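Below are two forms of the same protein chain, given as structure tokens: structure 1, then structure 2.
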Structure 1
Amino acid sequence: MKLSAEERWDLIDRISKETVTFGAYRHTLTDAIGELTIKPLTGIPIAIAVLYGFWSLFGSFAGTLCTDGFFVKFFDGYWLPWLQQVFPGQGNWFYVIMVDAGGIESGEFVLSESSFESFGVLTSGLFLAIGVVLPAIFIFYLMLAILEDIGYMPRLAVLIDTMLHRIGLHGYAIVPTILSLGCNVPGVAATRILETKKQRFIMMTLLAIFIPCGAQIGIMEEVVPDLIGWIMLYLIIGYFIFGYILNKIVPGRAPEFLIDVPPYRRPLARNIGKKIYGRVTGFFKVALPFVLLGCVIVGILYQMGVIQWLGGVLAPIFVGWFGVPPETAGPLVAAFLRKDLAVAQLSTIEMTEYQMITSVVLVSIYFPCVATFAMMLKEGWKDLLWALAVLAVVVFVYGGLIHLIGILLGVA
């Protein structure tokens, strides 16, 4: 037999009267902290402090301590010179792809001095994956796991709700957004918690375009530390501008959200350890092959002259519309596989600071990486096609706009 909702609640009422005793409500310290972090007056400053702490720990642990403090010294001081010595066939195509593409100085072949410039699979590839990306995603996932297990995420969602409503989403969209800052793949999966197709589409499109992943941010911190603030600012502004526009043109509803804010809990070290291990190993199963493969493919394409050709063909758009050098064609090809790799490549090209900002923003927004693309396909090919259409427009319009801003500021 089936009951109506009303009959069911009536029965539950009778059962709970017999079995549940509600004592007096005690206001605990946890409750008090819970309220302080969710009321706007105290909650917003606390949220800013939390996010700022998150950001500065990320930079100081991953960038300063691990990468600069250890891995750069190790890879540039020992690993690269050693491989340059022992790897046979200096200057031939296999050496170029595996170890060092080097450069030509006054007509002579010279070896690279750093693992950023060599672009070999075993040098730059390993250095980027292990020396830069590993510390970045380790610290990111450690801090994310702590915030998740304490129960802070739903509170952040409540605080940012009003802002996200303007772009057709609601506070809970902060969860896929933050997950995407680690990796876009789980971020796309998490859009399932949004209620309507419209919200899911807007969210997925914005994630794929404007949210750089942890690996990418880690590399930016390393190679363009002075410009990363501007790059992130352009991405955040784009997220809101195009979210606002999408909200106006995508049909469908954007309902209010109801959320259970769970009580704060003490995070368990065991669970945090398990989560970091699972996420970091999962990331590396996906990332490491693509970084290495990316090095191989870009190396081959350079040797075949494809990238030089592509740079020539695309030069009018690159130079005229976006205001960046034609050499950025190479990194844009690499970005299909991994954007972190592409950012590292950009850093080795001669250009002005503003061109660097523009080109890193372009690499971030111009196409989702292979893994994200596959995940979006899994969530529905129609939405994926629409998202790509939006993406093409965004790259063209926003890229041009950034160039225009540069021209107006007199820096481009």
Structure 2
Amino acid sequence: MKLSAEERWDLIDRISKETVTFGAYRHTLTDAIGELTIKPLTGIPIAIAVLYGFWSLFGSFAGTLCTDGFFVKFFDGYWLPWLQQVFPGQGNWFYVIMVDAGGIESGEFVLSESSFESFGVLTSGLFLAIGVVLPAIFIFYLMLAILEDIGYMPRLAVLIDTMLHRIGLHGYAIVPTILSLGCNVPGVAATRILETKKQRFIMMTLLAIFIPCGAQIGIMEEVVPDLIGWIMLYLIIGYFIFGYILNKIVPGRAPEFLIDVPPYRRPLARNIGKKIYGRVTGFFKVALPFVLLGCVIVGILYQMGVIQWLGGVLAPIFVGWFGVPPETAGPLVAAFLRKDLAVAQLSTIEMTEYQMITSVVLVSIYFPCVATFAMMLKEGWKDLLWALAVLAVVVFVYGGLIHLIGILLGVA
């Protein structure tokens, strides 16, 4: 029997009445909180408070409790003195690279007093990786896993969607951005969630230039805590300025996005544990070898006089255009292997506060570390070459602009 359209709808209505039951909707506290955190008027202040709490806990746990409270005491009080005594060939080139670069006073080799300043593979290398980076990465990924598990990240994506549309992205681009604050490698991999080639290219380029990894942030918290706010401000401003420019010049489209905003849920310890374990172990498989390799290469370059030569060759650009000491050539070489190691080296160079801000920003926007470089290459060599071309222009233009701002303010 053939039914008319009206008869079919009547049949559907009868079936639904017999099979579907409706309960009374109860507006719970969870629903109220969910609404408050997604509406701009209340959601933006809450997001600022969440991110401020995120940052405060990051600094307190990683820097104060773990690094200063335990690892500094262990490495400086026990590990470094023990290695300085038992490692053979004190003062020769191998000792300098592996244990302690030290210094020469009155013709005698003088030992360093801290692992941070020794710049040996087994001292500074291990201290940076274990004493500074490990606590920073652990607490970062712990807090991120909790925010993901309770369902806050989709709400943050909705809140920031309008702002990110100005640079050709959409709200879910906040995911690779935040992941890159832990490590740029998973951040670049996460750009695959974006729909178009234009969006993926813009996101990958901005991550490689303007987003410092957790290891670098941990070092900044340790060596330039009073300046880190200014450094991050310059990076955020650059992120949006050059993102806006890229959106105008890169062909392609930036479509709207649909996202399911789940209700808030209680985080599960098993889920959080798996996320932290996978991310931390994955990070250290990539990071630790490059930290140690970076110490070796930079130590060899210093011993061969290459760093000093580069400083002389690049002095006109560093001093005249960027307004920083020529000695920053060394950290910039090291930054290709590990940017956290480069920031640590910058802290030993005598310069003004504004020069330090400029130098750290330059290290951040300079060539991506080799692990990020390899990840970008996997995404396509043509996009990598274009991203590197953009990077070269950004470093030269933005570095000079920061110097000009310092001159105008009278602090350069």
Partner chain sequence: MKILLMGHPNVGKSVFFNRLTGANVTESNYPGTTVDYTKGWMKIDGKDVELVDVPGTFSLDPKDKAEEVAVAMLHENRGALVISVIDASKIERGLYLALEIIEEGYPLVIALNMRDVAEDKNILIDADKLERILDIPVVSTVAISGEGIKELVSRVKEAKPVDVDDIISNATKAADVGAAGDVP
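Since the model is a prediction, treat every value here as computed from it, not as a measurement. Think of the rigid core as the biggest set of C-alphas that the two forms share within 1.5 Å after superposition. Structure 1's sequence is the ruler for residue numbers, which start at 1.
**Student:** Can you tell me whether structure 1 or structure 2 is the form predicted alone?
**Tutor:** Of the two forms shown, it is structure 2 that corresponds to the form predicted alone, while structure 1 does not.
**Student:** Any CA movement of 2 Å or more for Asp31 between the two structures, core superposed?
**Tutor:** Asp31: C-alpha displaced by 2 Å or more between the two structures.
**Student:** Just checking, between the two structures and with the core aligned, does Ala389 shift 2 Å or more at the CA?
**Tutor:** No.
**Student:** Rigid core superposed, CA of Leu11 - does it shift 2 Å or more between the two structures?
**Tutor:** For Leu11, whose C-alpha is compared between the two structures after core superposition, the shift is 2 Å or more.
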